[in-house]
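Okay, here we've got a single chain as structure tokens, the form predicted alone, with questions on binding and movement later.
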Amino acid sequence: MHSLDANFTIVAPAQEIAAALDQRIDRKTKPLGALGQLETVARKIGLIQQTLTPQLANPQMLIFAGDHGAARAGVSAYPQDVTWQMVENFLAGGAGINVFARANGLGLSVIDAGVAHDFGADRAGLIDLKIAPGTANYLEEPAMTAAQCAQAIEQGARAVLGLAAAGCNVVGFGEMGIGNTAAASLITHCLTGMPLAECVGRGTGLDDAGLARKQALLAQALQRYRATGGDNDAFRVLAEFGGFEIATMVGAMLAAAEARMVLLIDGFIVGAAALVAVHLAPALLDYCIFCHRSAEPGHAAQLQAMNAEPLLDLGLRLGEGTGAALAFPLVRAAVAFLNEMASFESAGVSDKA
């Protein structure tokens, strides 16, 4: 059905340097393991870059935006127009992600992967990769065709190759799309085997009745897919339930890992894209730093499936890539201690007997 795997060559980082990295981390002026997860992050980035002195260059946030046909059926508390209105908010610099990206020195671009709105030509900070003005309604038919899904992946890859060419080696992923927690719930269920009800949360703030309705609609969508012989193939699940923003993000992640960049993975929706990308190319996990634990219930299933331990647990559920932007100072600090902290030898500090 698709030959995507052939388009990306993602290999796990070579391990020859691992022992030297461990030695460098262990000889810093601190008890063994005393910097906890920062040590894991430093080691991972050293392996990605194949150096004992990694650098984070021109860090960028990419916000992928798209609309979902199923949103009109009531899977979200917010009207669909909020997607394009929030894109305008991003472009004006007023959203949560803008504030945190500015605070932490991250560049930011918005990718229109399929928003049901015309933003006009040549908007600063907006990359037009629109496939269609929103996906089809997966309650009735597949969200996208196999060709659209492959096109989205290809376009996402191209966007990241542009960043790499501009000297960027660390990219954070965020999203905007009313209805996309519902899509992420279906993808998560299919790719982790976690019961659907445990993958469905309140999204942008559904009340109990809204949550029950969302669960019933998603169960109906899943039933329709299974009745057509739908399996758990990652590409097919993505085309069936995903949004153009999620599919474009999958391509961006695959290209970023192929280019040996550091991937900053946000919460539940970005996690759904990561889950698909990891199914298509398991070595992608070696390039990912999981930034925060989302308050969306399905995120736990994703993290477990990818054996991931996120850096932050702040009860966040905003999306937009805010968790990735907030975790970035910790990533920067991990690289800084590896490069700048004295060793027992260089500082003349006595090690334990």
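Keep in mind it's a predicted model, so treat the numbers as computed, not measured. One rule holds for the numbers: they count along the sequence shown, beginning at 1.
We do not show the form predicted together with another copy of the chain, though everything after this point is about it.
Proximity to another copy of the chain in the predicted complex, defined as a heavy atom within 4.5 Å, holds among Gln85, Thr145, Gln220, Asn232 only for Gln85.
Of the residues Leu47, Met306, Leu56, Leu318, just one reaches another copy of the chain in the predicted complex with a heavy atom at 4.5 Å or closer; this is Leu318. Taking the partner from elsewhere, Arg102 is found to have a heavy atom lying within 4.5 Å of another copy of the chain in the predicted complex. Contact between Glu16 and another copy of the chain in the predicted complex is not found at the 4.5 Å heavy atom cutoff. Taking non-hydrogen atoms only, Ala300 never approaches another copy of the chain to within 4.5 angstroms in the predicted complex. Put simply, Leu330 is close to another copy of the chain in the predicted complex: some heavy atom of it is within 4.5 Å. Only one listed stretch (64-72, 47-55, 280-288, 24-32) carries heavy atoms within 4.5 Å of another copy of the chain in the predicted complex, and that stretch is 24-32. Shown without its partner, the chain has Leu326, Pro329, Leu330, Arg332, Ala333, Ala336, Phe337, Glu340, Met341, Ala342, Phe344, Ala347, Gly348 in segment 324-348 as residues with a non-hydrogen atom within 4.5 angstroms of another copy of the chain in the predicted complex.
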